[in-house]
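Provided below as structure tokens are two forms of one protein chain, presented individually as structure 1 and structure 2.
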Structure 1
């Protein structure tokens, strides 16, 4: 695998104060903030959440290119909401497209959805971005997440690169045989065979991995060598996060 972790494109060396916090505290804060943001509805509150998320990314020293790329992909999708959601929706019409109203209320709702999504992505990028996937898995294990989910996550992180290598080899074999894709039945049949062969190779690889782990006395439990410890910085970060969430909640319901 390359030098960048599989969670984000943030390089591991880009570690700010946030990345020195206990991984468990970062995960709890990230999920608490994300679930709280889902409950907020007002445009000013969500705008303030985006500002706070941007400030958190700055404190975490997340590279601008990483934040931009993540928000770009999200907002390209959100742009479809601004186009499609207000068409024919109930509410005050902003304009008429023939006989179909373009709703101002639905447009405002689309803006709230976009701001909420941007705020959540900023928070997750700042708190979990840059965290090594193995560290994330062991932190989830310390948080008493079911062991099967943790194992599934760790195996996925470990072997997704192996599956990518397998599919690259199959695509290279197709190019060597002068395969040129097109809109025809031969292309569909070829891609179907490629997916089937990839599944067969994945099954074969999984059986070999399972046999190797049984030879090493694996019995369904990963023993973590990571020692996590909560300190004053983690308590301060948790208090600051709770204050920020409480302030946004006060803005929403005061």
Structure 2
């Protein structure tokens, strides 16, 4: 299997300081940071958060293309928010479009949402954006996430690439038969059949996997070559995160 990786837009992670942290620490920090960012609601605080997020991406040496891609998707949506949110919304009108007010308050709200969204995505990209899904799964296991969920996650990760291969095969077969997708019922029915075939193959495969796992006396725990260990760097990263959040909180409430 081409391990890295049919799906992610991120190239193998650069060996930056974030990469060297314990994966568990990265996940916990990512959760803590994104949930704390939800609480901030002033423009200057959120701007500072975006600056901190960008700095974190720079420290993590996340490739610019990855950061750009991820922010692009988010901000296409945020752009529609800037247009739609203030139309007809309550609050001081900035200008009137005919009879309909374009609300200044809602525009400010859209700005805050956009900044908050960008800050969260920047932090996530820096902390866990380049992490291998398998590493993520093992880290979840060590973080006491329920074993069944971890198994489900790891099995899913494992077979996405395999089933993508199946899907490519089926699509090649369609192309060979001169199938051209368009906006018509034929396309939808063909895709329905393709999905159906994919599911049939997936079910057959799951039977074989289950049999193979039983042969090997699998009892629900995956072994990992990763040795997890919290070190001084993790403590420093945690402290830095705490200081950053505390500074933002101080800006917001003091």
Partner chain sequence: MHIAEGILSAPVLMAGAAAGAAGVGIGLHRLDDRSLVKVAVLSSAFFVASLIKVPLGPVSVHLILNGLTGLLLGWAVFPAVAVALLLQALLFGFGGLTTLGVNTVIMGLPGLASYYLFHRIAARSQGPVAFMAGFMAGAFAIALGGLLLAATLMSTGEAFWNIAGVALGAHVPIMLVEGCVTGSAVVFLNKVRPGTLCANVAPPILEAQPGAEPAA
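Note that the structure is predicted; figures quoted are calculated from it, not measured. Residue numbers count along the first chain shown, from 1. Just so we're on the same page, rigid core means the largest C-alpha set that superposes within 1.5 Å between forms.
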| item | value |
| --- | --- |
| Number assigned to the form predicted in complex with the partner chain in this pair | 2 |
| Shift of residue 72 between structure 1 and structure 2 at or above 2 Å (CA, core fit) | no |
| Rigid core superposition, residue 181 Cα moves 2 angstroms or more between structure 1 and structure 2 | yes |
